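In structure tokens, one chain follows: the form predicted alone.
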């Protein structure tokens, strides 16, 4: 039977999601036309009706209003089951859907938001994750435009019903803007940038109290946009005139630096498929067997130069949102530091490489063991240590970049950055992530300047601690 939802090659089996929806539609199709039955359905009948109505909405756009009215009439669970079906479709098969089906998904998303459906926040997150970074294809730009338009059009109701969704959207569109602003004089991208800027500025100016929940990565993203006048003005006010935001309790950006960003935000910038592949690599692929997986990953997700910016998000995700178990750490599975080393070598553009390194070290700058997680620090130190001696250029490059950050990142808060970096080194040794820093300080291949900087940074550090757990050193 010809697929009406999902594009598939002739040799491909039918997708089980489509099969389930279509079968329900075929079973109850006579009941999907008015006048609708007024009997109370059983649980099985209710599930079938939900699936059938959704299939009708997606495949019969001319009858979508009839179907949604039918749904309103039968719903008994706050639309929870219906919304879960939508989330499953967006997460699992969005990229394979026909364009007409994607348009219907956006239409029904508006409807679920209008009725405050149970789980609509999860649906919004699912859509946001499908907007790929560095992707300037027509379909991706369309989804981006539709979503930012939805957030602006439903602004008031979102503030009332679930304002946290707005913070997720802000994180996504700030990050996307950094990509979009690198393209100029393309009308469809110019139009998209205007509405993205409108949304982000509205959030930052009118709802800073919500924005602050993002934590320190809010500032990391903003700094990539200070070349735009609107964001330059916001940055100056954050630094010099915080009272202009009229946000109770906010007095200085130091408060933002000290707030760790939840891993939920890093998940927003990689698609579910990409997340699945990265986690598979880091939990099942043995060191030495990773080459073919890396080649496949590059072809699938990093095929064009514009997609390089995804590397920044992947590094941040690996550092902050994928924390392996001790069993994995002590196994022969490829470790996070080795994957990040590969990703760093994959970046060809200077601004991408610099932002990848910033993503790797960002939590070092403000580390506080009372709120921060040592696992966010681990990949950077292990990459520096394990790159000696075979990849000494990597060690040198990373250590040099860390000191550049110390000297230049925020001169007004240099003491804070110094304290963060110093605390990071201390806890990494104290907790046994590395046995000592001798491997760096005594390395003949490392520049004398960097070794001296390390000694001055950590004059009181005992270089040897008993290790709390063991880690094998592997080549990259």
Partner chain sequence: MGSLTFYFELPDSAAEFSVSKGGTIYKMESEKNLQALKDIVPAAQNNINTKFILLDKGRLTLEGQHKTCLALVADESAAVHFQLWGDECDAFEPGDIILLANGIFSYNRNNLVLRAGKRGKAEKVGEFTMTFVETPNMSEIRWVPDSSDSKKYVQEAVISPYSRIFPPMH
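Numbering follows the first chain given and starts at 1. Not measured: the values here are computed from a predicted model.
Keep in mind the form predicted together with its partner chain is missing from the figure; the text below concerns it.
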Using a 4.5 Å heavy atom cut-off, are 16, 264 and 296 all in contact with its partner chain in the model of the complex? yes
Which residue among 168, 362, 231, 257 has a heavy atom within 4.5 angstroms of its partner chain in the model of the complex? 168
Quick one: from 246, 236, 390, 284, grab the residue that has a heavy atom within 4.5 Å of its partner chain in the model of the complex. 284
Residue stretch of 40-48, 404-412, 431-439, 60-68 approaching its partner chain in the model of the complex, non-hydrogen atom distance within 4.5 Å: 40-48
In the model of the complex, residue 11 touching its partner chain (heavy atom, 4.5 Å): yes
Even though its partner chain is not shown here, does residue 279 get within 4.5 Å of it in the model of the complex, heavy atoms only? yes
Answer yes if any heavy atom of residue 141 is within 4.5 Å of a heavy atom of its partner chain in the model of the complex; otherwise answer no. no
Could you tell me if residue 129 has a non-hydrogen atom within 4.5 Å of its partner chain in the model of the complex? yes
